[in-house]
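Form predicted alone, single chain, as structure tokens, below.
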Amino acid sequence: MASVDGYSWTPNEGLKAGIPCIGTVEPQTNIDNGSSHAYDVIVVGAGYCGLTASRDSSVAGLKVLLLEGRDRIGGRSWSSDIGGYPFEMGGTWIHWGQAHVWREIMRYQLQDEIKVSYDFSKGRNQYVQASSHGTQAFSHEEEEALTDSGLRKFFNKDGQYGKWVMPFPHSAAFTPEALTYDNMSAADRLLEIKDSLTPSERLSVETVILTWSGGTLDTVSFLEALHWWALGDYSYEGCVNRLAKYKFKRGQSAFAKLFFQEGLATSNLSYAFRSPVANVKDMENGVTVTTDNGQQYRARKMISTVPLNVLNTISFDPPLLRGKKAAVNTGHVNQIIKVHAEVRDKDLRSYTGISYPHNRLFTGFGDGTTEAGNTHIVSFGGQHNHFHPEEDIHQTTNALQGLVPMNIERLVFHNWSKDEFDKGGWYCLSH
């Protein structure tokens, strides 16, 4: 079943809006319009937070209504199954160090349904750096060494590579020393260490930070980047392991379906998709939620999992607290671009590389082998040199070719910046 989300392109079929997704829900609602319902809780949003909240509330015996603007579950983590191969449109990689995610993986006994993105056993087996000054090729061992060296210099504000200023990265209660970096951007920090970085180290560091954040070096918070680094065990290898190495064999949407199905099995979960929320009125006797089409639903409580960058599209009565409203008005900086390419070049399975700062897609790597035996390349761009992939496919294919020459069979992607229910990628703070 196809979702209206996402795009695919092939040389023969051209650009198509909407791609297959096993997380698409049909029928779009299980509510009988002929009867009135009183709910214990309304959950807004069917990403993982919303799916978890609606499942747990349903399992606990509460009458739950799940409202979602899309036609599918998964939010910013969803996969398109094309030819038996899952292309991940948003969030992809998992790790046993991600405590909340791993709890759910163990709940559904998926610990053995995981595969590794990288395969350096054959093929080109190179890390390629392309810049305005030329192109260099490195081994993957050299890639790890120079990137780790550069990142250690970048994060070594305390003489201990961040370990002293952020000893407990699992906690949002940052140390006073860490909070002194709250107004520092990534660009500020790079200026401090510009004489200590080699050109290759600097290219690697900048593209890592831009990939993590989807922003620009001037807007990304050094504190936010330091937090990611600390969660990656203060090393490049640790960050790769936790952020870009392990993924589900059957894709994120197969995982999300398990949450939804468990909630439905209780018979306590009602749902309505293609139902964007317009207004929330919170009164002493309960909450009234009104959707864009004027439909009203009532419950004792409401749980909102709406992403930060779109919260200001909903009217709240009473208004959000001042601090929350300020956060909504500020938003986050992530405008990530993620483009998948299915290519005939089998030797690119072991490719990793960057093309920066001139290229619109500044990093990519071999992420799998499709059922047709082709190589899957995943690539990233962001607010730096931003573009919309569907607006000019020639420009998009040129950006891929700017990473490394490839013979493209198919493109698959989702434009998160134009997504009315996200307006950006995952949460990343500005300074």
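Note that the structure is a prediction, hence the values are computed from the model and not measured. Start at 1 with the first residue shown and count on from there.
The same protein also exists as the form predicted in complex with another copy of the chain; that form is not shown, yet it is the one meant from here on.
Residues 281, 286 and 325 are none of them found to lie within 4.5 Å of another copy of the chain in the predicted bound form, as judged by heavy atom distances. The single contact residue among 393, 372, 38, 59, judged by any heavy atom lying within 4.5 Å of another copy of the chain in the predicted bound form, is 59. This chain appears without its partner; in the predicted bound form, the one residue of 123, 169, 307, 90 with a heavy atom within 4.5 Å of another copy of the chain is 169. Contact between residue 344 and another copy of the chain in the predicted bound form is not found at the 4.5 Å heavy atom cutoff.
Contact check for residue 106: a non-hydrogen atom falls within 4.5 Å of another copy of the chain in the predicted bound form. Shown alone here, residue 244 lies farther than 4.5 Å from another copy of the chain in the predicted bound form, counting heavy atoms only. The closest heavy atom approach of residue 112 to another copy of the chain in the predicted bound form falls within 4.5 Å. Partner contacts here mean any heavy atom within 4.5 Å of another copy of the chain in the predicted bound form, and among 221-229, 271-279, 296-304, 98-106 they occur only in 98-106.
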